[in-house]
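Next comes just one chain, in structure tokens: the form predicted on its own.
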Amino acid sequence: MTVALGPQSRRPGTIDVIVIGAGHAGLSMSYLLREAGIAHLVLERGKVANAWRTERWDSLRLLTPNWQTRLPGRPYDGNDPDGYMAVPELTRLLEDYARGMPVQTDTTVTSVRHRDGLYHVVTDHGLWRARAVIIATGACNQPAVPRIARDLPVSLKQMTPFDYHSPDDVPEGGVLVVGASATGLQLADELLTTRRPVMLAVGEHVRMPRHYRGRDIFHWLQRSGIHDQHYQEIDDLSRGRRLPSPQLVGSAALPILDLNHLQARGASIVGRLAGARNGELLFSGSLGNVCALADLKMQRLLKQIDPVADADGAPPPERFAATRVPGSRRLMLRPEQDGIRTVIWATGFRPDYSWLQVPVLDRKGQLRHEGGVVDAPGLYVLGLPLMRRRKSSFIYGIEDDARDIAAHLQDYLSYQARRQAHELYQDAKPG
């Protein structure tokens, strides 16, 4: 049972700040705004942690260890710090965190416009006006399905991670999983337990071990300062923000979940899905190059960690075998002949800003922002990949970003108040 406010619990009016989204980012911002004494309201289209409740598969666990599942004012205090939190545990944590916060659930924002110095936030329960708006809806509102999906044979069932909850949702027969990030590998690995044929179409990916030198890889990413790297220090920020999630799974049982592991379990790998023609699926011939590049980048990452691990007296470095690439590269697939009945698009996600009627989107539909400060006065975003730091997209990374945005917001509101007071004074002056 959610303890947040219901849709009719507050009468629409004017308020300092509206936060859109009651996931970990929106709730973290609410905590800081409450701490600063700033009047605000969090609007959520479903229940608290709605995306986690409705848009994740059953077996999913966080990629980060429990000791990193912390929020402003709420460190991890469980008895399994090195475990990986399941989705039901996380939703309970967020629901408990929301207690006492001004969260209005079951309220869908249908449009946001800027007019007369205020943001007009239209919802299915009325109109709010706010001096500032914080978008905390996340970057994973919709599956990013490529246009090629329209060219696939109609006999193939097409699914996204939003459609998938367990292998029971997938028809009998072979499955082609498109995408080799964390989502693609986890789904392929789970489908292999059903003994059905699984093929993985592999594009650019980030290979990473679960454990290295006796510690979880996220320990080293934090300890070495890699995850604290500021967005202004990134050479190619646009590319950095587009990188797929690392090939990890929330389990200590596997030292590494990679293409070698899947192939050892019986999966076959092919190159990136490049086209479809006359009922045939066509794959890129660059599989070897893509895998070699991922191997090289992983080794560079581990070498960056090694000096810190050496100083900490960690065990010696492990060596990970290069990714095995089939000697005979498969460039074409006939789904019916090859027994493939289903395609799962694990090709990433994208945000949905269809409700945002402020001219702040680039030609690709992404927000124009500088470290979360959107290109419109009083408009902010929180929870995007590499928004202010490399850790921005992870739960434990939200606090530093949220504090930065809260500080900028306080300055903005103070400036607006001073300007308004000055205007009133000028209007009140005689003659």
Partner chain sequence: MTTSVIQLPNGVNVDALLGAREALTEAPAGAKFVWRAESEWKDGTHTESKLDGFFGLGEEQRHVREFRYDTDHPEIFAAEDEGPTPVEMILVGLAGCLTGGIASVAAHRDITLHSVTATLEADMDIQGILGIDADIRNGFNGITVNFQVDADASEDDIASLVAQSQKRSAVFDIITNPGDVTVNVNQ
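Please read these numbers as outputs of a predicted model, since none were measured by experiment. Numbering follows the first chain given and starts at 1.
Unshown form predicted in complex with the partner chain; subsequent notes refer to it.
- For the three residues 140, 152 and 160, a heavy atom within 4.5 Å of the partner chain turns up in the model of the complex in no case.
- Heavy atoms of residue 89 never reach within 4.5 Å of the partner chain in the model of the complex, leaving it off the interface.
- Contact annotation: residue 284 falls within 4.5 Å of the partner chain in the model of the complex, judged by heavy atom distances.
- Though the partner is left out of this view, residue 80 does not reach within 4.5 Å of the partner chain in the model of the complex, counting heavy atoms only.
- Proximity of residue 99 to the partner chain in the model of the complex: non-hydrogen atoms within 4.5 Å are absent; the residue sits far from the partner.
- Residues placing heavy atoms within 4.5 Å of the partner chain in the model of the complex fall in a single listed stretch, namely 236-244, out of 107-115, 179-187, 208-216, 236-244.
- Interface residue among 322, 122, 325, 274, judged by heavy atoms within 4.5 Å of the partner chain in the model of the complex: 274.
- Note on contacts: among 299, 229, 260, 194, the single residue with a heavy atom within 4.5 Å of the partner chain in the model of the complex is 299.
- Residues from 349-382 that approach the partner chain in the model of the complex with a non-hydrogen atom within 4.5 Å are limited to 363.
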